[in-house]
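In the form predicted on its own, a lone chain appears below as structure tokens.
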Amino acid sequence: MSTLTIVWITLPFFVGFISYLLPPLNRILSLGMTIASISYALLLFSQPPLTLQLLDRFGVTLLLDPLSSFFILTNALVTAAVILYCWNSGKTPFFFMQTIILHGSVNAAFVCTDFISLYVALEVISIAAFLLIAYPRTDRSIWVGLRYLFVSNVAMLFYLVGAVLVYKANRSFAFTGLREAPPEALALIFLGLLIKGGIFISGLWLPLTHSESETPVSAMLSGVVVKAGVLPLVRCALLVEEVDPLIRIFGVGTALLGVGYAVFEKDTKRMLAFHTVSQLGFILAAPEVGGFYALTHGLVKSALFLIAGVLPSRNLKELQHTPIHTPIWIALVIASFSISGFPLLSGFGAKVLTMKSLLPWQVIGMNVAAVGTAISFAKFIFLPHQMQEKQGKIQAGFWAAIALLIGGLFLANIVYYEAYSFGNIVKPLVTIALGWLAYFLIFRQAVLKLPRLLEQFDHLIGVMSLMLILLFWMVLA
């Protein structure tokens, strides 16, 4: 199993470069790599946790367990859907190469349990993501990509200083070294991970980046890339119990912040981007069950971004007066039902499991966020629709990608089949009903436009400084 794991980690980078050198095979090789990752993730579920110590002296260690399996499976399914979506889109071999390299570097980040190898993986992710964001080579896409790269690299500078402090205190880069590390190490490392993961106000770079990228790139960014910063936070909460309350606080704060923006947003892609921020909060709010929620969110959010890319408009006000193609509306409704927590889809089991794992002080905040989720996606569910003879803007592989993602939502429903009790079914339905009622009475006609001041590039570094002060105060307290 150890040899298989090493081969699996290195294979995406080899396949990525080979696919670039063999253009006729780039799509087949890329899709084959995702199938290999799906197979490996499913194999991990049946195996005991595997720990690989690569450099004992420095604490460089890989951990493969059910938690990482959920994240790896999410990465594989989302990447496969993106490749299918782009199959006949005219994308160059360079695009597919970067997609698979991004897939491989995200996988590497998911299995690291030390700060130095995680640093390398996150930096490779930043470069690959930048190249995909800037792929159209327009002035706008290059600016958005450079903005993302600048914010990411500044975050990683803070992170690297924290990692060095952990090593100085323990002579090891292992996550468990946080227990003996000075408070400033914890604050610096967490600042880097919170920014990379798009958490709380340090994640306000995310809405513009995800909404202005090309549709398949948005699906990758929101579906899996941000989770490369989230899983290490979950790991730290599970390995170092002193860190758990801090992670849960940011989980609740992030869930409320993201949904607070999403309920008022009228741009479909920006609404989905803000909801990515909110849903990452659900993963952090209950770290011990975050893997299942990450799988569900990755499938749903990737499907929603792909669907948003074929809608007649990004403006929700215009969509309320422009019927969309009924099959597209059905796919949109299924995905919206899942993320709202409707039974028969994996979002239901994930939300029930998460809510059962909350601490008492988290319950009110997370229930408010759940109602906000129902409000947000009522905007999609109640859009007008009709059958249309011709429907433009749809890539040839669109339906294959959507079938894979939505099929995954139905199949993943069996992970927590114990959720299907009368009490568990009634509560999410009541939450959804309250959200829909609030939507029709208040938010459907609401015209409130929240300020975007903190999203502006010249304020993002200032926000980092404020977050660092907050983290220092929290860890010292």
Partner chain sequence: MLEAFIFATILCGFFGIIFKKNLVMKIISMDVMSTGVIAYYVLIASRDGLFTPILSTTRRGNYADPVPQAVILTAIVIGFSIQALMLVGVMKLARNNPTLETSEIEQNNAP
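A quick note: this is a predicted structure, and the numbers were derived from the prediction, not measured. Positions refer to the first chain, counted from 1.
Beyond the structure shown, there is the form predicted in complex with its partner chain, which is absent from this document and is the topic of what follows.
Between its partner chain and the residues 25, 469, 21, 461, the one pair within 4.5 Å by heavy atoms in the predicted bound form involves 461.
The listed set 167, 292, 264, 342 contains one residue whose heavy atoms approach its partner chain in the predicted bound form to within 4.5 Å, identified as 167. Contact with its partner chain in the predicted bound form, defined as any heavy atom within 4.5 Å, is confined among 230-238, 366-374, 158-166, 399-407 to 158-166. Annotation: in the predicted bound form, residues 58, 127 and 142 each come within 4.5 Å of its partner chain through at least one heavy atom. Taking the partner from the other structure, its partner chain in the predicted bound form has no heavy atom within 4.5 Å of any heavy atom of residue 10. Using a 4.5 angstroms threshold between heavy atoms, residue 150 counts as touching its partner chain in the predicted bound form. Heavy atoms of residue 120 reach within 4.5 Å of its partner chain in the predicted bound form, making it an interface residue. Of the heavy atoms in residue 146, some are within 4.5 Å of its partner chain in the predicted bound form.
Contacts between stretch 1-27 and its partner chain, counted in the predicted bound form as any heavy atom lying within 4.5 Å, involve no residue at all.
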